[in-house]
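In the form predicted alone, a lone chain appears below as structure tokens.
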Amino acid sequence: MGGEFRYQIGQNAYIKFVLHALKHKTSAVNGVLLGRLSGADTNPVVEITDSVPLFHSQIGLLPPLEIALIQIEEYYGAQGLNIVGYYHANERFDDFELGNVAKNVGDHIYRYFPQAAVLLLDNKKLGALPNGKDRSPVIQVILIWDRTPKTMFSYTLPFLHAKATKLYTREMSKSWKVVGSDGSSQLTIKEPSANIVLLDYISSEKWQDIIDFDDHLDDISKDWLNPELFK
């Protein structure tokens, strides 16, 4: 019998989806997580090495999503990476539910990668970051949504501010279920310095440089890979 899955998020993937949400604080945003499954059966790890911002205005439209996923799969597949998850931020600051769009995209990814993770960002918490209004301890509670019919599990992830993001996973059951936090280490950020780097990016308003697929479809000269973001 295999061990429990662990999830490890790389610094660039983490910073990119936070900046994407900060750029469009009053809109729903989404994107995909790229990575690979590694480790033996007794110690499996989903390594999330990158993220690609998708949309801020065409969240629920299928044709743009299909175009984006084809290009993403083609580019990252050549690098040996797969789409391993999805992130989503709701439009309303007080909306903390995983909506139909997020569930549907998560379901699609799950069909090809059964260990897929879905991150739900809390715009209310994230929106306070640039103004310095929330200086909570550097601990982020991550909620795992699990589609197994078994008892719910809970994981935590070091993050900039408490309760700014939720993580969901799905396995075999018919509906997504949220999981609370018990302080376990199933989910971690790979680089210990990620939060310090993120603070620097926030202070310099680096989120203004983020390009998503909406931007690219409006102007193809804008690169959805964001190659200059970390230079």
Partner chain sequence: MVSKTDEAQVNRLENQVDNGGGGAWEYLCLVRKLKLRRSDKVLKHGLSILNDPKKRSSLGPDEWTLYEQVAIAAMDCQCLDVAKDCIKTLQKRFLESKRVGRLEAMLLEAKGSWAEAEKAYTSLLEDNPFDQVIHKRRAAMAKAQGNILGAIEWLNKYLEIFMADHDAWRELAEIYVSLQMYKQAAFCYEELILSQPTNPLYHLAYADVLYTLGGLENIQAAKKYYASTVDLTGGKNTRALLGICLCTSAMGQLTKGRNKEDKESPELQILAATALERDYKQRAPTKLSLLTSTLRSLKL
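Numbering follows the first chain given and starts at 1. Computed from a predicted structure; not experimentally measured.
In what follows, reference is made to the form predicted in complex with its partner chain, a form of this protein that is not presented.
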Open item on the list: Can you tell me if residue 229 lies within 4.5 angstroms of its partner chain in the predicted bound form, counting non-hydrogen atoms only?
Closed with: no
Open item on the list: Please determine whether residue 70 contacts its partner chain in the predicted bound form, using a 4.5 Å cut-off between heavy atoms.
Closed with: yes
TODO: Answer for residue 66 alone: is it within 4.5 Å of its partner chain in the predicted bound form, judged on heavy atom distances?
DONE: yes
Open item on the list: Whether residue 92 contacts its partner chain in the predicted bound form should be assessed with a 4.5 Å heavy atom distance threshold; does it?
Closed with: yes
Task: Heavy atom contacts to its partner chain in the predicted bound form at 4.5 Å, residues of 193-215 in sequence order - done: 214
